[in-house]
Ligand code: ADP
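Presented below, as structure tokens, is a lone chain in the form predicted on its own.
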Amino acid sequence: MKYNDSIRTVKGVGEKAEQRFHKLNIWEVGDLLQHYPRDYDEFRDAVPIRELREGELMAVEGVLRTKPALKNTSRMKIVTVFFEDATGIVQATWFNMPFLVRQLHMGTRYLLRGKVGRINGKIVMEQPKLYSRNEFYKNVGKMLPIYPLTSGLTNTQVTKAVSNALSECDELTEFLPAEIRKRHGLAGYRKAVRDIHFPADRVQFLKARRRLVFDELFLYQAALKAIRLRNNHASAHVMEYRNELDEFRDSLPFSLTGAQDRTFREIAADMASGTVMNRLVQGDVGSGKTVVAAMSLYLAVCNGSQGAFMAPTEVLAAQHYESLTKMLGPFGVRIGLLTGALTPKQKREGKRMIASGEWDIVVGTHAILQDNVEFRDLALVITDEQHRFGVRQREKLSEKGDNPHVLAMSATPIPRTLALVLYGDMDLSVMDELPADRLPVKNCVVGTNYRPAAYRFMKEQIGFGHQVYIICPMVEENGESEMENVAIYTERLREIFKDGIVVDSLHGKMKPQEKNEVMSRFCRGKSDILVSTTVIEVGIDVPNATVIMIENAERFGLAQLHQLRGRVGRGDAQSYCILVYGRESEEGKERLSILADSNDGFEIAREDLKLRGQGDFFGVMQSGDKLFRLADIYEDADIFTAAHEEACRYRFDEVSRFYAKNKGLMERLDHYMGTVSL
């Protein structure tokens, strides 16, 4: 079996399974082998009921002491029972599994495993899995892979397919020179691929992961160097500073911060230099990047050219369109919006106005990248939340003009030294100053027993006319999908919040149109509470939202929590962030206290980097498309540095030979980097 063979060549993959694998973008054997587990289920022995710890995935054996109770709500069926052993009682609850009423019998001993929680002082397990003793103890001590899935495809099916592919594929060839592997103590490639899927223990997993992360980062650094070398020799539009920019600055109802002024001066110098600007503006949440973007776009327009502003979601694109229209419209700047949600007629008219130059600035989503979108004279390209756009997408937008200047913006706080490695093809501006009149968000770190008080506080805020976010972890540890997790939480809240309070939900499994409708309702104030996974980390700006509560906050990295917290505090009212930890641990509370004590994203990022250990391997869970399959910019900072140094040791023709020896990695890199001439 070869790396590029169809997924159908894998034993056990039929026509229906093939179609389901395609939904995960798995077309070939190589795609399957690079479909890494998102987590691992580490089976431990069953414990007495009194030793169950809230927030953990655990197993117990107990006798069913009550007849199963079935409750029907408008949205789901709920089965509740109680198990006991010599040490205590635990409540078990299942959602939409009414058949269990017939299968569970009083007085019978069962072994169940699930996430431990606490409701009204009682220890509970929600959606636990039932096992026979033989089935359970056969898995104790193992690390079983848990894969990203799609509808109709089970974890067992993916596991078997990966196992069969590993047994039959004879093309897992080594591509890193022995000297690099020796210098950094890296495992062989074939062993690393096998061990990332089926590690015997955590030590074996970490060795495999380190090798595959190094591969990603080594090739990434080589490609960045090639791009920068090419950009350094590219000529571009010369944008001269105009007096109109001073008039625009004077029209603002506030004074620019020192960081805003410094950053714009750096951008203006780049755009006047005659060579292509390729600059990243890294600014904390609320630092005023949009104003800097508006000034940069106006600089291009004042020089008779066009600008493009690309955002990752339709909601965020619409919000940027409104902001830029409000700021630049009075100066005669013509701004248009191009997104996938427009009607065919609106799209045709928009494309005509772009090509004719009737629109000076175009704000949009990926719709701007379509081949039939042509600009009259594109001189500046801006991408917001740049980590959501690969180099390929940025370059495709750049191809719409004659070497236009490129400005990327990101609110993800990264220590400067790490940013210089991660964005090696770009110059860096850091906006580390917030407007003086911005109210800092008030934070608190609490346990799950605080929920009733939090709900009362939310009702009070909603009574004042404000709105609330509640964030759930993306995926439950017991394998429950994010859709079910959000749906169950939303159902609970609808029981708690009545009296006309509207609770909406949002998760990554929704279709783009559904997501946009939910976010749009929340933005317009048509819903009061939005229960969501981290898909709201970027892409929604609601000044009226004053409370965000993050469940199981210990499961997120501090930097990501800071990003989530940035969804509130965007208006004039005082805002609040409630961090709920589901697992009682002093270390977890200490980590979260760093966030509670500071609203400085860069300081938080530095502390996050210090606290992360090699074993904290699922700390940052990204929403949306990840730049890397495995690498994490915080956890793997040391590997980033090592890969950067190794890439610098070799000439580009040598790196190209390493690169070409592994077609799977080459295609993966090409997918997010674009075609790079090494």
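So that there is no doubt, residue numbering starts at 1 and follows the sequence shown. The structure displayed is predicted, hence computed values, not measured ones.
The form predicted together with this ligand is left out here; the points below concern that form.
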item	value
Contact stretch among 264-272, 132-140, 96-104, 249-257 - heavy atom within 4.5 Å of this ligand in the model of the complex	249-257
Option touching this ligand, based on a heavy atom within 4.5 Å in the model of the complex, out of Arg606, Arg570, Arg118, Arg334	Arg570
Listed residue that, although this ligand is not shown, lies within 4.5 Å of it in the model of the complex (heavy atoms), from Pro312, Pro543, Gly582, Gly340	Pro543
Distance check, Thr490 to this ligand in the model of the complex, heavy atom within 4.5 Å	no
Partner contact for Gly288 in the model of the complex: this ligand, 4.5 angstroms, heavy atom	yes
Touches this ligand in the model of the complex: Gly447 (any heavy atom, 4.5 Å)	no
Contact flag, Arg521 vs this ligand in the model of the complex, heavy atom cut 4.5 Å	no
Neighbours of this ligand in the model of the complex among 435-459 [non-hydrogen atom within 4.5 angstroms]	Pro435, Asp437, Arg438
